[in-house]
Every structure is written in C-alpha cells, then in structure tokens.
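In the block that follows, a single chain appears as structure tokens, in the form predicted alone.
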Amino acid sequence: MEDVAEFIVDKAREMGAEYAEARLQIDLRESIVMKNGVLEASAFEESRGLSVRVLVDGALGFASINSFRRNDADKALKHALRTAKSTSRLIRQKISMGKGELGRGKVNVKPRVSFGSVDLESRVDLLKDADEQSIQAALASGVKAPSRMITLDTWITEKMVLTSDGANVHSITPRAALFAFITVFHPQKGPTQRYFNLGETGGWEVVERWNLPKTFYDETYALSRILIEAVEPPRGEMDVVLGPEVVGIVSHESCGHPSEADRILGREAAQAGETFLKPDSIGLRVGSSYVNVVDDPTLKGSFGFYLYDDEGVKARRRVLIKEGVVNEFLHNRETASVFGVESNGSSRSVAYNREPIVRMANTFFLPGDYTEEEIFEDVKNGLYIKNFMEWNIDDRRFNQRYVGLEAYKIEGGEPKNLVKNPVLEITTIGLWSSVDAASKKLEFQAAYCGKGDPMQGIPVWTGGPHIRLRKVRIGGA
C-alpha cells in the first residue's frame, strides 16, 4: 500500500500540486439480517480502493478508483488534477490546507476474539436466542411481539493516509454493530415500537459483552410495559429529567452538528442543512453554566474511535460548549485555514471513494457532581424521559422536538407511573439554558451520523449523564 501512496504523492508534486493526499482503504464486512427468527440474508463484502486529493491553484480535486495498481492510481491522480485546475477558475475564495499536528505511525486495534473464529452458525444461533427472548418477554407481559428485525455487522477497516507535507498513518480498526427494531402488540392497546443500536470498536468480545439474550428480554419487557401501563402525560410547564439516551441525541443534533465548521461556512447548506452558529459565535452563551459538551474520538473502544483523522491529523478531545459558552468548532484542515486555527482532527470519510469532510466522533455531555437520586429528589411534580421514540430538528439546528418512549411522571422526588409519548418541543438555547444539574454517571449509545452528498453514514457514539431541566413546557403526541 505504501509504495502506491508514495507514488501518488511524489508524482502529484512533480505535476505541480501544492498539496497531495493519498488514502488507501480496505473494508472487510460480514452482515446477518434476521426477521422474526428467520435468517433473511448473510453477506460478506470486500471493498478496497484508493482516493487522491490534490490542491492546485487554490482548488481541491478528488478522484477514487477500486484498484491499487500503479497505472490505475496514475489515472486517478490525473483526473483529480484536471478537476482541481478546472475548479480553480470558478471559485472566488482560494482554498489552503491549514496546520495541524500531523501524525506518523501505526494504530492497530487488536481484538481479543477475532471475527474469523466465530462461524456463521454460531452468529445465527446467538441472534435466534436473542429473538426468542423478545418473544418470551412479550408473553410474560401479556402482549405479543409480531415483528422483530435484527441486523448484526462485523467489519475490519485497514487504512493508510499519506500527505505531501508529512502525515503517514496506517491503521487497522475492527468494529461490531447491532441494530434492532421490535414491535409489540395488544388487541386493545394497538402497537408500539422501539429501535436501538449497539456499536463498539473491538473484536467478537464486544458482542459477547452485550449479552444479547438479556438485552433483548429487557428491552422488550420495558416496551411491553409501556404499551400496557402508560397513561396520558402531564402537560404544561414543569421540571424534566432527561436520561442519557435523550441527552446524547440532543448533544449530537443541537451541539455537534451546529459546530461543524464547513456547515458554518455554508458549504453544507445544500447537502445536510445549516446551523444557527456563525463564524463569530465563539464566546456566545447558549446555555447555563452546567452545560459542558465535548466530542472525543480518542475514547478507547468507542464506536467513533480513531487516533488520526483522514487528513493524518492527530485526534484530540474538542470542547464544543464550556460552561454554557460556545468554545470550539469542529475543523478539518480546509476550514481551519479559513478560521486561522489549527485543525482539531475532525476530517472523516466512510469509504475510500468518499471525500473526507468535517464529522463528529463521540459527542457527549460531560458528567456533573449529582447522584441520580439527587437529580430526582428535588423535583416535586415533573417528568422523566428515559429514552425517545422519535426526534426532529430544523435545518439550522435550533428548533427541535423529542417524543419520549419510556417516560415516567415524577412525584415527590421519585419516578412513578409510566406516561405515554410526552413531547418536549424547545429551542437549542432554551433547552441548554434550563439545565441546572447533571449526574455523575456517563452512558453512551451507538449511532450512524448521516451527512454529505453522496450520504456518508459514519459510526459515532452519543451520550451523557442524566440532566435536569427547570420549568420547560411539555405536550403530548
């Protein structure tokens, strides 16, 4: 791989490129899809190829090819150079690649249990066991689980990034992910549904740790209780406690996405929405002093783990909101140059044939100093939204709506009866400004963040502790 990468970068320099970047990537993926306990599909997919990105006369050109042969790499390089030269005559603001701490070395995440040591039959048997536990949990609650969909993916990504200004990073990263969509039904109550994702970096030991039969039993049992027991939620102004799953999606959608610098500069307006933040928003107060939100790709074992981004820049924790104030944006080298800062290692691509763009990794609300009991005990009459069934947010990431799934009325400082689909509809600043406490315990959920055109769904974690909101308005679905 390194010989081809060096060939691309050296030849790009000879042909006048101000900057050149070669990224070679191999993805080996195994997938299982099970529907209602029956194996629907199993697949093995190998994706391999290289991309070339060059900067010529202040314009970037990108090309990719599904080959590592030198002749094919040469064709891709010439295509990228032609694209950059053509584009340079059309753009008003010339592009330059900003500085960053460029890496050199290898990152090899070694699994304890390799994916290759677990055959298809064992994987299918595990999912069948988990599926059966869903059925049993529903029956134990007096309902049925007529529809269950499970997808299990394991894959290994090998990647090399070489740039003309010194980055040279080789990485091997195994990941495992599971998606589940469960429907329970009662003749007098109708249906209700729950989906959830699990995902981590590591080998098969990750899947073993999830304890899927117990996870599916617990999830289905909780869903069945919601269907049978939940009553109309209280409405009006009240104190609300949000669980880590809700805090995670809020942090991702109303802090992470607005902080992407390419979005702030308007590039993503036609691709993935806009942002309420502006280039001069550093220092803007958007929440109370209890609000601290970060994005950190370096968390060991996380779904969004990496130590060097796809421009070869060393990754680090990014503090997006510090004590309620906008502190930092997410940057690649292009946007860092515009803002006059160093890249903070936020450039990611989902595959060899996709351009690296500004992305999140693991976005979460930092824990506070309250126990979970203390979070609840000061709420006389309020609401606890543990997780969600749906969410919506506008293009500018300012007006948003979260519909609770597992939610409880709080009375006398304790969660009591289940309530059905409470709705929190609020602005970003309204939500963050109402936070007056965060608990000590941090929890994460896996997700795929969508952005770009063509779409790039990339692995991330979202998370946070329990947080308490004072005097926010709650409605019903």
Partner chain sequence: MRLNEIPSYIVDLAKRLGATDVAVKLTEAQRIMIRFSNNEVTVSKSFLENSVDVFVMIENHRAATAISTLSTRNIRKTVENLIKTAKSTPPADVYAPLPQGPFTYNPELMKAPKIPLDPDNLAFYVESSVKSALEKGAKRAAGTLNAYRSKITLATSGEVYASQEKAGIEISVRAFVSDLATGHAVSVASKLEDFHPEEAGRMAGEIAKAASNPKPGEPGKYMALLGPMVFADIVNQVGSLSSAFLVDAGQSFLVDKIGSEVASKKFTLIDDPTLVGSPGARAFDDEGVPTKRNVIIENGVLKTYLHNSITAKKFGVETTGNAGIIVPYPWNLTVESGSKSPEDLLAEIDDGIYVTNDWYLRYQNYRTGDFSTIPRDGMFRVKNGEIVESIRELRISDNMLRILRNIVDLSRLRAWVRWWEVEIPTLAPYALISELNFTKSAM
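Keep in mind that what you see is a predicted model, and the values were worked out from it rather than measured. Numbering follows the first chain given and starts at 1.
The following text describes the form predicted in complex with its partner chain, which does not appear among the structures shown.
The closest heavy atom approach of E158 to its partner chain in the predicted complex falls outside 4.5 Å. For the chain shown alone, G430 is a contact residue for its partner chain in the predicted complex, at least one non-hydrogen atom being within 4.5 angstroms. Contact between E40 and its partner chain in the predicted complex is found at the 4.5 Å heavy atom cutoff. Remark: A84 counts among the residues lining its partner chain in the predicted complex, judged by a heavy atom distance of 4.5 Å or less. Contact check at 4.5 Å (heavy atoms) against its partner chain in the predicted complex: none of F115, K440 and E443 pass.
Contact with its partner chain in the predicted complex, defined as a heavy atom within 4.5 Å, holds for exactly one of R225, K322, R316, H79, namely H79. Scanning I375, V109, L405, L102 against its partner chain in the predicted complex with a 4.5 Å heavy atom cut-off leaves one residue, L405. Considering its partner chain in the predicted complex, the lone stretch of 365-373, 133-141, 282-290, 259-267 in range is 259-267 [heavy atom distance within 4.5 Å]. Of the residues in 389-421, those that come within 4.5 Å of its partner chain in the predicted complex through at least one heavy atom are, in sequence order, M389, E390, W391, N392, I393, D394, D395, R396, R397, N399, Q400, R401, V403, G404, L405, N421.
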